[in-house]
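Quick heads-up: it's one chain on its own, the form predicted on its own, in structure tokens.
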């Protein structure tokens, strides 16, 4: 796991956009796993800016979003499809037919989840998956206690998650209680996972998933088992890490390696 501590949220967004653009530059038809919520917004804004500046194109990429609320139609103002269209898809040259989100309006949810897994497989798997992290350590909507081998499925949302997301709705009562989400196992299948965390409210969860044990009570801790994870943190999100000095030292060596060998592969130091 490569832990990169940056000065602020703007630097986190820029570094994440660098990773996306480097991949698309090498693989124009890359398969991207995307996330919603406040954390990736800065990255999406940066990607749109680079697209408008002629630095990157998205016409050939395929995207799969992590999750979607159950019961919200795609055109609902708080659906994740609306979020993605507003903040990314409609701001650049993404192909509608290549942009996938779970469908939370179907009656046969088991089949919908199985179909989503099949679509990811048919696309060749996810090359780069972006993640945020919940204050309780969840990734996507894999709440504490989720199986670390889980696949795309229906999940009941905890009151903590619903409370965290209530700021986007008129009231807590309006926040759906169910969502379709990629499972932890689905996420771990991605070739490269990039997790973003900013702000002091995420500091406890960040410390738990990086430096604590691998446990279903902190679903993000399963990323310790993945061979290629990049964690991008601002100072506030990194504030509870015990080994901050070590992560900074390793990153300085990694920067020297990359400058010498022109590679963005993670350090084995």
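Positions refer to the first chain, counted from 1. Since the structure is predicted, the reported quantities are computational estimates derived from the model, not experimental observations.
The next section is about a form of this same protein that is not shown, the form predicted in complex with a small molecule.
> Just to be sure I understand the contacts: of 221, 43, 36, 62, which is the one whose heavy atoms reach within 4.5 angstroms of the small molecule in the predicted complex?
Looking at the other structure, the residue within range turns out to be 36.
> Identify, from the list 66, 32, 238, 229, the residue with a heavy atom within 4.5 Å of the small molecule in the predicted complex.
Spelling it out, the residue with a heavy atom inside the cut-off is 66.
> Please name which of the stretches 117-125, 134-142, 103-111, 70-78 has residues with heavy atoms lying within 4.5 Å of the small molecule in the predicted complex.
Heavy atoms within 4.5 Å of the small molecule in the predicted complex occur in 134-142.
> How about residue 167 - does it come within 4.5 Å of the small molecule in the predicted complex, if we only consider non-hydrogen atoms?
Heavy-atom contact with the small molecule at 4.5 Å: present for residue 167.
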